[in-house]
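Okay, here we've got a single chain as structure tokens, the form predicted on its own, with questions on binding and movement later.
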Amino acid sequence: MKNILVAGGCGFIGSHLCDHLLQRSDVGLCVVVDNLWTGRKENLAHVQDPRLKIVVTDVEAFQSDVLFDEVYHLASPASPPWYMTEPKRTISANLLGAMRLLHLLKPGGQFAFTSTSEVYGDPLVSPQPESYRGSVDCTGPRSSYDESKRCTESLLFEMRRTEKLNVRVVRLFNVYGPRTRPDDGRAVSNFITQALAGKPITIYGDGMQSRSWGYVDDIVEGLARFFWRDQHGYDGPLNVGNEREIPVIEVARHIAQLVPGTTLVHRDPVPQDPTNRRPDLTIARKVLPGWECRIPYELGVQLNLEWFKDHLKAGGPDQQDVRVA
């Protein structure tokens, strides 16, 4: 039986990944380490599985007498308002977290890392293939996230080259869905919580900046296939996302239609907000044949809206001034 470690397992994507991991019959122990900076214990409150153990601590400080057959590193904020506020902490979680977790991996074990499409910066190429080296400002306000992800990728692939580390690295594109924090700060969750609170939806700039919105169920299915389910022999990096590219303002208008009476308001653009984002899925189609994002954003947004309605009615420690209108 395998021992599994999930750093950031109480987070939005991490908790969904844990659900899939615990469906495996070959897992004897699943340890989640999370400092609850952006994650929440309630994301795993539905799990009544004795194999699951949650340890609340920083990933960089996590200690264990157990070595793990598989390590999944998702311990990082992914929303600009969070990582731009605490850049040192963000860099530490990604890079120093990876260094710490490498010490807890069994010889011959597998290390999986969720990187990001942000490594492409404000891309000059669309769609973005894994071979694109990006257009990132290493001293800009988003650099703590972008560059710590890039550097962690470098660490892992250099460990593969020099020490034969078994790695799996994915680059995720704009994931949304249930278990997102109401105060997450990214577009879909922002728009939904503002609309439900009876507030105008805030658009930064003209709203024509585009994203490729991937519903969490589709994305985590891709992660499960890439990380452990499929036999493919490809280490990464691998783009995982929805290739359908949609302007931010279109999503805002769609949510406004779902919540009658919602208006839109424009604010100054966010510094260095990427103008476009769309994954080239050529490699994904070869490595994970048949996988794709099947849930259109129109349905995904509706599902996410219903989840937020239920979540906000129930209340929660992080909902702040957000209420269902």
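Quick note: we count residues from 1 along the sequence shown, nothing fancier. Note that this is a predicted model, so its numbers are computed, not measured.
Another form, the form predicted together with uridine-5'-diphosphate (UDP), is not on view; read the next lines as being about it.
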item	value
Contact flag, Arg168 vs uridine-5'-diphosphate (UDP) in the predicted bound form, heavy atom cut 4.5 Å	no
Interface membership of Asn174, uridine-5'-diphosphate (UDP) in the predicted bound form, 4.5 Å heavy atom rule	yes
Proximity of Ser135 to uridine-5'-diphosphate (UDP) in the predicted bound form, heavy atoms at 4.5 Å	no
Interface membership of Asn190, uridine-5'-diphosphate (UDP) in the predicted bound form, 4.5 Å heavy atom rule	yes
Region of this chain that lies against uridine-5'-diphosphate (UDP) in the predicted bound form, out of 180-188, 102-110, 231-239, 157-165 [heavy atom, 4.5 Å]	180-188
Among the candidates Leu67, Leu29, Ile283, Val270, the residue which, in the predicted bound form, approaches uridine-5'-diphosphate (UDP) to within 4.5 Å (heavy atoms)	Val270
Whether Pro80, Glu118 and Val248 all lie within 4.5 angstroms of uridine-5'-diphosphate (UDP) in the predicted bound form by heavy atom	yes
Any residue of 22-39 that, in the predicted bound form, places a heavy atom within 4.5 Å of uridine-5'-diphosphate (UDP)	none
